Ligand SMILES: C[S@@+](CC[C@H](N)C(=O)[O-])C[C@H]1O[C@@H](n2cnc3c(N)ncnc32)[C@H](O)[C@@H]1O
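As C-alpha cells, one chain now follows by itself in the form predicted on its own.
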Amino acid sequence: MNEEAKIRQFAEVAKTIFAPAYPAVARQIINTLGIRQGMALEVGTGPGLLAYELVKQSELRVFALDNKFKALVLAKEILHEKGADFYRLYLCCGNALNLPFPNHTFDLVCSRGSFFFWQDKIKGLKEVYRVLRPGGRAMIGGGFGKKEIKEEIRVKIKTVYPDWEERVAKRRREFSQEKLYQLALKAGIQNPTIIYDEVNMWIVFTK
C-alpha cells in the first residue's frame, strides 16, 4: 500500500471507528490545561478531527499542522464536509522537529498520537516549549478520552488493523511513565506531569 492509500485508509478509520475519541480527547485537553481561548497548535493533525473538536468546544484559534501535504488536502475535504469554522481553524504543513512558528506564539499546544513517531522526541518537545507563550501549556502523547471509548475502538479496529493491540502493547512497553518523564526532563522541561493509565499516555507541562 502506497503512502497516499495509507493516508486515505487512516482518514476513513478516523471518521468512523475513531470518531468517538476526538470529542472526548478534545474535552480532556481543554479541561486538563484549563485554556479555552487564545492561540492553539495541534501537531500531527492527520484528518484534522481533533482540531475540529477543539474549535467546537472552545474559543481557541487552532493551527492544525501535519508534515504530509496529502493528509492536509484530505483533511480540508473532511472538515469542509463537517462545516468547519475555517475562520478559527487553519491547516498548515510543517515538521514537529522544526515548527514553522516564532517563539512564544501559542497559549496551548497538543499532539495526540504523532509524538510516538517523532524521529527525535527530545527535539520535538523542545520545539513545543519554544513556541509556547510564557504561561502557555502543552499536552503531548496519546489517549482515548475514556476507557469505554478505547474498548469500543479495540473491538472494531481489528477489521482494518488486525495487529492493533500488539502495536498498542509495544508502544506502552517502549514508553513507560518513567520514560516519558525522562524525555521531558531531557528537553529542559521543569516539573512535567505524566498522565499514565490504561487509557492515557500524556506529558503535560507549563512554560
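No experiment lies behind these values; they were computed from the predicted model shown. In case it trips you up, residue 1 is the first one in the sequence shown, and so on.
Beyond the structure shown, there is the form predicted together with the named molecule, which is absent from this document and is the topic of what follows.
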When you measure heavy atoms, are G44, G94 and R112 every one within 4.5 angstroms of the named molecule in the predicted bound form? yes
Although the partner isn't part of this model, could you tell me whether K56 comes within 4.5 Å of the named molecule in the predicted bound form, counting any heavy atom of the residue? no
Since only the chain is shown here, I'm wondering whether F10 would be in contact with the named molecule in the predicted bound form (any heavy atom pair within 4.5 Å). yes
Would L65 count as a contact of the named molecule in the predicted bound form, using a 4.5 angstroms cut-off between non-hydrogen atoms? yes
is_contact(Y129, the named molecule) in the predicted bound form, heavy atom dist at most 4.5 Å: no
Only one of 132 to 140, 80 to 88, 113 to 121, 100 to 108 sits within 4.5 Å of the named molecule in the predicted bound form by heavy atom distance, namely 113 to 121
Sequence-ordered residues of 12 to 32 touching the named molecule in the predicted bound form, heavy atom within 4.5 Å: Y22
